[in-house]
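What follows is a single chain, given as structure tokens, in the form predicted on its own.
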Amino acid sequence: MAGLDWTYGVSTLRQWESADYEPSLPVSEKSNPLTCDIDRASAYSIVKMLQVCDSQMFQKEAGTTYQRLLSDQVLKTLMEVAKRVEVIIKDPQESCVVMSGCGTSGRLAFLISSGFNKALSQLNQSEVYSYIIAGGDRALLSSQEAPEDDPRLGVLSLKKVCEGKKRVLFIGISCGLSAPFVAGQLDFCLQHPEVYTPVLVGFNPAHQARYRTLNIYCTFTFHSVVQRMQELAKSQKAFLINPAVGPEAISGSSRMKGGSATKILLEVAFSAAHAATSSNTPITHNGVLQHMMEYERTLAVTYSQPDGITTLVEAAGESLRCSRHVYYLGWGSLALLGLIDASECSPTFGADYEDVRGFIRGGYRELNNNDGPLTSLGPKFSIAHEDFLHLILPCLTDTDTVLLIYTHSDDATEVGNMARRVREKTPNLHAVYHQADGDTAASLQQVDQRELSTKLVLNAVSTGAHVLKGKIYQNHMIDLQVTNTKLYRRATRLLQKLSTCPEEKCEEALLKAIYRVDMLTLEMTSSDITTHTCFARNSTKVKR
């Protein structure tokens, strides 16, 4: 792998777009041909593979099969969404922008709402952004897969956030156009057009939205919701933003490109609205395009240091292989990205919460989440630097990896003191540091680029480390619990792909693993998926 040529031809980069490439799978669930042997790659090769996969986000549109991130229709839709945000910023009374999602999508909704509310607050303007995450605030820091399957819970959450509001721009994020939690919210918005304007953000074409009935209480599917939104989009009463960004480097791991593209799209729209409000100038197509291209440059700049990222991947991988830990110690919004990345390792790689952990200066005071401190829920919710110093530092060894994440504007003395204390326990200390050029105003405009860069690096570190540990087969995640419908279907498909057995045989094998039996009872085979995933949730492992 060390001598591999990373200048892929167009045919290889676009192989996934072929009609006969894994035709039964939506884009978000396909395997990426660029990473088919990532499980055998060196740390450097892993980083280069991730770079090429991430660059697929900005590939130009070819033909009519898939819209892309820079497609004209995507840019036009972003402009229209930005205009509606602008109206709410200028007239915030009884109005709000609500973002909602499950897992990574919900965590990014929190991150983005926090950042843009802070920007409004600094200008003495009313905060207008709210977030919803399936499973509540505990899902910000730990895996809560089950609530994703409950559309009624999604509706209740939305009603609570929007109580008393007369104008709501609702943005539902579902990378695979599949989450019942979000589908329920979108359906509710469509039933109340006098208050809600729904926006759907995802990364599959509309015809690949989930067809299956959400659960026994619903008469609609995600696909039927999308169809209704497409019809309303003609009169700009609903909006669908669903460019294809290509399969994930690790199949189905939408925390990576799906999360990055979500962040890019929403930040471009909101930034355009904020700029138009403050300068009293119109939102333009060229302005939106230029902002999108700034993110493309950020990706290129980030991966221009492959040796540095490789060093981090190797260190983290060695720590995990030694059954030790990786710790992110961050400041400001970059620390939030550390918390997010760490929280995603458990559902993606079957990791223990102690394997990769994030800590933020100021703890819950800086987090400023809806529910406030969550430390009463258990040790995994201890997230302050003080918690690291009291609980982790005394047990730190030279096989643990510690990564400091900060910028030029953070307190250098404080960062230095933390580094000194860590070095007293281990030499395995690294840093991700961002320095902005220019004056304060210019540096503020770079916040979203710094965040994306940090996200790309941390995704590479945690993904690469777990690949090196052996948590990936080819480019498939193989150590996870089937705790919701999405994961149940994914596990069945993976068994099909690897065994070439019929679907019914693969599902039978999966059920035997879930229930830990050699013979299935009639009760087991006749139960619905919700019953199966509920049982799997109470097991430490489902594979045998």
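The numbering used is simple: start at 1 and walk along the sequence shown. These figures come from a predicted structure and were not determined experimentally.
Keep in mind that the form predicted together with a small molecule is missing from the display, and what follows is about it.
By the criterion of a heavy atom within 4.5 Å, residue 174 is counted among the residues contacting the small molecule in the predicted bound form. Although the partner is absent here, residue 179 sits close enough that one of its heavy atoms falls within 4.5 Å of the small molecule in the predicted bound form. The closest heavy atom approach of residue 102 to the small molecule in the predicted bound form falls within 4.5 Å. In the predicted bound form, the small molecule sits within 4.5 Å of a heavy atom of residue 487. If you check the small molecule in the predicted bound form, you find no heavy atom from any of 366, 407 and 410 within 4.5 Å. The contact residue chosen from 187, 341, 448, 145 relative to the small molecule in the predicted bound form is 145, the criterion being a non-hydrogen atom within 4.5 angstroms. The partner is absent here; in the predicted bound form, the one residue of 254, 454, 319, 242 having a heavy atom within 4.5 Å of the small molecule is 254. Here the chain stands alone, but in the predicted bound form its contact with the small molecule, taken as any heavy atom within 4.5 Å, falls in 103-111 among 397-405, 103-111, 229-237, 371-379.
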